[in-house]
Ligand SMILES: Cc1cc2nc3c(=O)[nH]c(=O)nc-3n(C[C@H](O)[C@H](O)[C@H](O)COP(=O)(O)OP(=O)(O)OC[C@H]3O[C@@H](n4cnc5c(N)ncnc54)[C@H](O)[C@@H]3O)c2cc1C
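Below you'll find only one chain, the form predicted alone, shown as C-alpha cells.
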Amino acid sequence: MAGLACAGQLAAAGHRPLVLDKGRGIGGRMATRRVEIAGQACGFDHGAQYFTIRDPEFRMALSPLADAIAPWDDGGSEPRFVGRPGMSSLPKAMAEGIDLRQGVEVLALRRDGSAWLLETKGGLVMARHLVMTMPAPQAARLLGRDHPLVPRLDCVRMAPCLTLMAAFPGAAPRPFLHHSSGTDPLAWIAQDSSKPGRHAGLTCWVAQADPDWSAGHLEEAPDSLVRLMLPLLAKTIGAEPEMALHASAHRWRYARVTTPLGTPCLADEDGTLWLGGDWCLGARVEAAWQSGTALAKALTRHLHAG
C-alpha cells in the first residue's frame, strides 16, 4: 500500500516510477489467497482483514477505485471496508498504469556515484532515487548497520502473525461474522465468506493468532500450524475439525506495527534514499497510504528544488 500510494502520486506528478515487488501477488499484506475447493474457486483475505477511511484525502484517493472496494457490515463501531472480490483487488486497481515488476527480490544495494545499484537475481537495477517501503527490519538489513538511517529504525517494533485459512461446507456453523479475544491464542477470527463479493457456497474462515502465540510457533512448518490452529478454530465456531474441506497456514513475520516510528517517512541527507511504510505511523492500511503519500510529496518537492 505504501509503495503503490507513493508510485501513484509520483506518476501523477509526471515522474516515471519503477516498482519492484518480491511477491507473486501484488499488495503485500493486503493479500488474497485463491484456492479451488471441491470444484469451487474461493479466496481468503489472509493478511489485512479490513481498512477504515478516516482521512479525507484517503477517501478522495479511493473515489476513482470504488469498484474495487466495498463496505463490510460486520457490526463494528465504525465503517469497515474491504477489497472486492478480495483484499488484493484494491492494490491491483492502484497499480494500473504503474511500471510494476513482480517476483523481483532485491538481494543487496549500494551507492555508486550519484546512483543506487540494486542487485536482483535478474541483474542490476539502477535508480537515481530509491524509495523503500518494506517492513523496517528488512530495510535495516538491506542498508546495513553502518547506514546513518538504520539507528532510527531500531525503535520500530513489529509483531508476527500466524494465519489459518479454513473452508467448511455451507451448512457448517456460522456463529458470528468476526470474533476477537485478548486471551485466546486465536486473537481474531473472521467469517471471510461474509464479505461482499465473496463466494457464498462455502463457509470460509480466517483465523489469526496473537503476537505471543505467533512468536512461539513462528518457525513451525505450515502443516504443523494447521494441526495446532484448526482445532482451536473449530472449537470456537462449534464445528468439528474433520468437517474442514480445506485448511492451510501462512506466516507473516512482520505483520503488525506495535511501536511506530512516529513520523510519516525518513530521508537521507542528500535526498536520494527514502523510507516509509505503515511502520512509520501505525498498524492500519490508511497509515501505510499516508506514509506513501508523504513520501511522494516530499520527494517531489526535493526533485523540484533540485
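Note that residue numbering begins at 1 and tracks the sequence as displayed. Predicted model only: the values in this text are computed from it and were never measured.
Although not depicted, the form predicted together with the ligand is the subject of the following passage.
Checking 48, 275, 281, 249 against the ligand in the predicted complex, a heavy atom within 4.5 Å turns up for just one residue: 48.
The stretch in contact with the ligand in the predicted complex, judged by heavy atoms within 4.5 Å, is 98-106, chosen from 196-204, 149-157, 211-219, 98-106.
With a 4.5 Å cutoff on heavy atoms, residue 295 does not count as touching the ligand in the predicted complex; it lies far away. Interface residue remark: residue 285 is counted as part of the site for the ligand in the predicted complex, having a heavy atom within 4.5 Å.
Interface membership of residue 189, defined by any non-hydrogen atom within 4.5 Å of the ligand in the predicted complex, is ruled out. In the predicted complex, the ligand lies within 4.5 Å of some heavy atom of residue 133. Although the ligand is omitted here, in the predicted complex none of 32, 85 and 167 has a heavy atom within 4.5 Å of it. Taking a 4.5 Å heavy atom cutoff to the ligand in the predicted complex, the contacting residues in 9-48 are 20, 21, 22, 23, 27, 28, 29, 30, 46, 47, 48.
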